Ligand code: BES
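Single chain ahead, written as structure tokens, the form predicted on its own.
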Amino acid sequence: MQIASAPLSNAALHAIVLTEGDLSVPAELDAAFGGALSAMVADEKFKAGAGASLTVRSMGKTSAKWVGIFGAGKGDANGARLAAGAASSFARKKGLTSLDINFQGGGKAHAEAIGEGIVAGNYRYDRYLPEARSTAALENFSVQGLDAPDADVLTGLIMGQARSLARDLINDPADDIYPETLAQAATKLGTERLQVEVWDHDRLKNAGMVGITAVGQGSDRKPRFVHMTYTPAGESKGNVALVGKGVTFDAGGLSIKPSGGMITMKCDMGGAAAVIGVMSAVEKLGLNVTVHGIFGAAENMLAGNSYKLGDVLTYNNGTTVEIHNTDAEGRLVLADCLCYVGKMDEVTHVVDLATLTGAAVVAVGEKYTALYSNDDDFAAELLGHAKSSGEGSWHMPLEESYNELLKSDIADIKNVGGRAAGSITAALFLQNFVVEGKTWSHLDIAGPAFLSAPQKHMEKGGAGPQVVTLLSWLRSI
């Protein structure tokens, strides 16, 4: 997808973006339609809500095949993102390969949001669709009226493409994405500045990664551990770790899920997919912070050698965990990764991402990530970046008294705390493996990782949540 520096004379879709404060259609364009466009805005009571649209065939009145009017709400960057996403989504539905967007007055933040929105709206997972059911993607576009250079739009494109990579990985069937191939997706990103290290099953066992090996031992496809390290070209302004849950398929283990609960469980590696997505963009964006992308990958299957209820795992930090539910496996994988990060003295901030609990979906639905942190200022910082990135996040409490729910009769803790406050107790479980002194946040992305229905310009399926938010945060360091 290429950015044109000038208006595309032969654009298949000409998109006019209006705001709630200015519903006037450009006079020259409206005149070409004999005033029909402004009449349409009035007749349809178009209020320019963010992502709203009116589209018509040009009937030869302009060089474009289609003309669309798209709403940007109050005209902020998020409104621009939704308008661009709606235009790009419409183009993809019609198989239009070129798009010209007119957005008046936006600056750097608007330009980035438009670039990201165009990629997100144009995304489709059609790898296995017959050609008759797929439509052409955008090949080039231009954006007019911005008070910002094309380079800012390109930044948005890079972030959007990072999210698309995560979406592809989430949408891929579990027969395509399993521990070995998920690790390979990370390895493909390797450069001189981005080093990728992969541990096989034997090294995991020798290193005492008891959670990853236990979860993965019921599958013929053996688990992996991946550590990606980005080192900036210049002075590093910080050192952070992003940790992802990479359960490539979750059958529940011996605590087997019903069939209906398994159908979307290819998405249970959404946290690792987000980490890979972020790491794919860090060098392209020229970030000046050292970033570690870490994930454990395993299939949670059931077999004669599956880990069992009542088993006790002893982690590298000495914590013992009694297994009360093999379907609460993601936290066991993350615990190994957090122990590993705990030994990295140079890392100051840790963010883990996981499709961890159905309780988070019950609490905040598909539009929000449940956010936990041991530092309220850090939580507020991430929430701010989520808001500016158009992603929903909600700060949840780490209620210490709920630790009582995790107490075990024969070990330090058990891996589930019961039905009540299930997302909170999962976060409290993870906190046992965070080294004191490190600033930490846990993002439960169980809701927004895999959309059951389209949301605005986002198609159903893998959504790659928090990729843009985390890139926004990393860029701010």
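Predicted model only: the values in this text are computed from it and were never measured. Residue indices: 1-based, along the sequence shown.
The following text describes the form predicted together with the named molecule, which does not appear among the structures shown.
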Task: in the predicted complex, the residue from Asp336, Glu116, Asp352, Asp268 that sits within 4.5 Å of the named molecule by heavy atoms - done: Asp268
Task: Among the candidates Gln195, Asn140, Asn325, Ser134, the residue which, in the predicted complex, approaches the named molecule to within 4.5 Å (heavy atoms) - done: Asn325
Task: Within 4.5 Å of the named molecule in the predicted complex, all of Ile3, His110 and Thr155 (non-hydrogen atom) - done: no
Open item on the list: Please determine whether Asp250 contacts the named molecule in the predicted complex, using a 4.5 Å cut-off between heavy atoms.
Closed with: yes
TODO: Answer for Ile212 alone: is it within 4.5 Å of the named molecule in the predicted complex, judged on heavy atom distances?
DONE: no
Task: Any non-hydrogen atom of Gly358 within 4.5 angstroms of the named molecule in the predicted complex - done: yes
Open item on the list: How about Ala446 - does it come within 4.5 Å of the named molecule in the predicted complex, if we only consider non-hydrogen atoms?
Closed with: yes
Open item on the list: Given a 4.5 Å cut-off on heavy atoms, tell me which of 358-366, 309-317, 75-83, 284-292 is the interface stretch with the named molecule in the predicted complex.
Closed with: 358-366
- [ ] Heavy atoms within 4.5 Å of the named molecule in the predicted complex is the criterion; list the residues of 331-346 that meet it.
- [x] Arg331
